[in-house]
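Here you get one chain, nothing else, as structure tokens; it is the form predicted alone.
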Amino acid sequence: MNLDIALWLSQDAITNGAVYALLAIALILVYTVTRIIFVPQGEFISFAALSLATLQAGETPGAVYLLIAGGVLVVALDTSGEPWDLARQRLPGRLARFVAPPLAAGALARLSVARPDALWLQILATLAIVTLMGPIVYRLAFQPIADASVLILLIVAVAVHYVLTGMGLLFFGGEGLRSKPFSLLSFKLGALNVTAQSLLIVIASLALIGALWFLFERTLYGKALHATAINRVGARLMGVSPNLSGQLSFTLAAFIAAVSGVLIAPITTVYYDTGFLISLKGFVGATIGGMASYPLAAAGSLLVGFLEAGSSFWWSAFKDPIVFTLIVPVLLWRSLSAPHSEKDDAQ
């Protein structure tokens, strides 16, 4: 390996690590607020990338119909079992909250199909479709069992993953898709050819991380999420709704996954199940951060990016196993450094 190859690998490592950092932050956000390991995150990535490519092909993505059906199902579940008078009073608000936004996202998708040259409109429609799936998935799958054990929540998360994977295969087919590049510009930096697409990924990731910091530190909703992550019971006693916190965390995680899917769509061919492998690498970064520390998760994700880039050069056939093996020493170190009580040892 010479200096030129090292620079090329470093560019790939930083680009991939920026995406993994976003996914790791989303995983930690959902886990700390809801105790749910966000296994379906990969499907949101795939849905975003494939929806953008489908819109650019002049077709309405099937995810729109899944979104609308999910909103209608949420309203039906909330309304069932209530007295007729009370259900009739609450129905307009529920329709405005869960059905109107999916319909608006569908209308935006149809408009972007009618304007194939409006890339910004296609991106906006994609972000709207995938982001709105977050709170609907939480309301249907997790809110009814929000107080269950972590193991049960994990089992349900895996089930949601498989359901969404099947939906992705149904809507987008088994063939991979790739969207058009946002920009064809590039410039030389020594021996390195830096593309505008890779720069956009890094800048967008840094901007989104900064926006999340502002949300948690400067807004009321962010402080409510932070309070829920620290102490769920205490936050509930202070008037913070756990249902609202769960839906908001899933909304943010879905938005982060949607942004990640849009960013990687022009640089890689995405299949209906591609996102799962990408999110697993984000999970490795989140594990390095102890599923609690955002800065450590971001640093760990960059480490994953460099390890993946180096492995692709030296042992390309084993790059994924090498990356996932990184979890083993991290878990071993945390297990040895964590305090153990005599009761735990007896068990």
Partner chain sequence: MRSRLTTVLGLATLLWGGGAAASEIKIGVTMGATGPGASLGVNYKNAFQLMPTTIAGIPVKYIILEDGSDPTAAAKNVRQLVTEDHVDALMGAVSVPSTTQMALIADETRTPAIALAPVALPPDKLGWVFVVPQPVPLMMGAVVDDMKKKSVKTIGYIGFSDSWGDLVLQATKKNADPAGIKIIDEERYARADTAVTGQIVKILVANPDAVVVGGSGAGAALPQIALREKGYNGPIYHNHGTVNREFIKVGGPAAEGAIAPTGPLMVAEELPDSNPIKKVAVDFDRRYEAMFGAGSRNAFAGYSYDGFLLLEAAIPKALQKAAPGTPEFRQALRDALESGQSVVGVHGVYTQTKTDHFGLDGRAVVLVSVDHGAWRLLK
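Positions refer to the first chain, counted from 1. Computed from a predicted model, the values in this text were never measured in an experiment.
Not pictured, yet referred to below: the form predicted in complex with the partner chain.
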All of 169, 178 and 281 with a heavy atom within 4.5 Å of the partner chain in the model of the complex: yes
Since exactly one of 32, 60, 56, 312 fits, which has a heavy atom within 4.5 Å of the partner chain in the model of the complex? 312
In the model of the complex, the one of 268, 89, 79, 231 near the partner chain [non-hydrogen atom within 4.5 angstroms]: 268
Based on heavy atom distances of 4.5 Å or less, which listed stretch (299-307, 22-30, 313-321, 63-71) is in contact with the partner chain in the model of the complex? 313-321
Contact label in the model of the complex: residue 272 to the partner chain, heavy atom within 4.5 Å: yes
Residue 14 within 4.5 Å of the partner chain in the model of the complex, heavy atoms: no
Using heavy atoms and a 4.5 Å limit, would one call residue 238 a contact residue for the partner chain in the model of the complex? no
Applying a 4.5 Å heavy atom distance criterion, does residue 174 contact the partner chain in the model of the complex? yes
